[in-house]
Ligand code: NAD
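Form predicted alone, single chain, as structure tokens, below.
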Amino acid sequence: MSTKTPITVARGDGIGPEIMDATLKILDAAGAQLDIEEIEIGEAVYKSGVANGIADSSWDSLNRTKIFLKAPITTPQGGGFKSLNVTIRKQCSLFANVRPCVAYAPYVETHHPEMDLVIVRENEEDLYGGIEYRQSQDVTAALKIITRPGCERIVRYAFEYTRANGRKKLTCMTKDNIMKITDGLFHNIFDEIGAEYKDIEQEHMIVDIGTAKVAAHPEMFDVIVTLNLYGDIISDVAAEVTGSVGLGGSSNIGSDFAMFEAVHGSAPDIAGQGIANPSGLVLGAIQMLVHIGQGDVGAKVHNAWLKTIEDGIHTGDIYRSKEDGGVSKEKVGTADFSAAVIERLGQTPSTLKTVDYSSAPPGGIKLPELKSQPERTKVRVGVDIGINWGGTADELAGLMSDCLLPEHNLKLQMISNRGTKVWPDGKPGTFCADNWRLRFMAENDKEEVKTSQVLALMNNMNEAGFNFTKSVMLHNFDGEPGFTVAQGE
């Protein structure tokens, strides 16, 4: 008898319990060898006073099994509630989010019957760090964090995934024409690592036009790798273009931990009605089976699911009768759909492409160790200081002359508001909010700016009554600026 693989299961919120029940019935009927531990997460846990939606005892299970099959959950809006999805991804270092997006024409209505692409999304960094501030009465800010190791892991994973799955092209999407340092790093690393994969066609696209192309011409793409926020948006666009977001499954992969789920949310408006489509979670569970080395069972379930779709057994979200120009034959609820899949276990589709996972590596793709980087010469050359201010830029610049002393080795180079230069030579039509950024650079660029000099300047500004919101040290790395200029500078 095969050894059962321990996994943790959470039934979630809204339609979660219904679609999880349907999914587990299919897996059991297909012969999946699973030792299931159930935990409770989500809305009920939030309401019990656990702000992150998961109790410590549940973490004990996850740390034991390191495999998580999760139904959708509801995250309360506003307040101090954090997304549990993001929390788990970050605390378990699930750096890669993999979302296959496939059209099932003519059985699921779509304008793009040839669509078959995979989105590999960086899963831990970017704006999803959730680091936000209210800097003034009128201004809020979020911090976008992109690291070299984070970029290297996801880009390497995307290349290895493309090769392991017999795909031919990898497209990188960024917005590095605007975010030249953060997105620029991602693009540069894509080019660096891409040099090792000459067997794979490679391209880069700016994310806005790239997303438009996914919506209008998805057949152009094979595998896409991108940053966290862009990947979230693109994958939902792509899932919708296939015909239904409800058919999207998702895997979240780390070095020794993995989570599998549906792309869609908890849909509380239809919870308890027995009409939800379990397909997204079923397809996520298939990815799980492949990952844990039960690819034969995964293929069995996947082919039965394809045969069910092909036979026109459809839930209401994708049902389209012959009279309406569709090919659906029977409209079913959650339980009857899962029963139809179980009835077809062992069968394969006639028109849709049969699935075979026999060559998939058990335990998922293994990445090499990150390469060490040469140490760069880092020199502090200035400081950006943010303040609240109710006057004009010219008035603000004039007041700085009383705060700057020769021993500070600093000069006021620029004042910006909302990222746009407003001093010197600002344009009168520039709208200004109540939070300003003052850039002070070394008076003598031959000398490094010391922390004590910055603190002395800030002390003078504080005594002059200025209200600080933020300060950031500015550095050069091997002589190259590690910061951007303001718009218009």
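Fair warning: this is a prediction, and the values are worked out from it, not measured in the lab. Position 1 is the first residue in the sequence shown; the rest follow in order. Whichever C-alpha set is largest while still superposing within 1.5 Å between the two forms counts as the rigid core.
Keep in mind that the form predicted in complex with the named molecule is missing from the display, and what follows is about it.
Considering 113, 333, 312, 268, which brings a non-hydrogen atom within 4.5 Å of the named molecule in the model of the complex?
Contact check passes for 268.
Just give me the single entry in 287, 277, 123, 235 that has a non-hydrogen atom within 4.5 angstroms of the named molecule in the model of the complex.
Checked against the cut-off, the match is 277.
Only one of 129-137, 296-304, 259-267, 105-113 has heavy atoms within 4.5 Å of the named molecule in the model of the complex; I'd like to know which.
Within 4.5 Å of the partner lies stretch 259-267.
Can you tell me whether residue 317 touches the named molecule? I mean in the model of the complex, with a 4.5 angstroms heavy atom cut-off.
Yes, residue 317 is a contact residue.
Please run the contact check for residue 242 against the named molecule in the model of the complex: heavy atoms, 4.5 angstroms, yes or no?
Taking the distances in the model of the complex, the answer for residue 242 is no, it never comes within 4.5 Å of the named molecule.
Quick one: does residue 118 come within 4.5 Å of the named molecule in the model of the complex, counting heavy atoms only?
Looking in the model of the complex, residue contacts with the named molecule do not include residue 118, since no heavy atom lies within 4.5 Å.
Look up in the model of the complex whether residue 22 has a non-hydrogen atom within 4.5 angstroms of the named molecule, and give yes or no.
Residue 22: no, not in contact with the named molecule in the model of the complex.
Superposing on the rigid core, is the CA of residue 265 displaced by 2 Å or more between the shown form and the other one?
Yes, its C-alpha moves 2 Å or more.
At a 2 Å cut-off on C-alpha positions, does residue 319 qualify as shifted between the shown form and the other one after fitting the rigid core?
Where the cores coincide, residue 319 still shows a C-alpha shift between the shown form and the other one that is 2 Å or more.
Would the C-alpha of residue 184 be classed as shifted by 2 Å or more between the shown form and the other one after rigid-core alignment?
Residue 184 C-alpha, core-superposed: shift of less than 2 Å.
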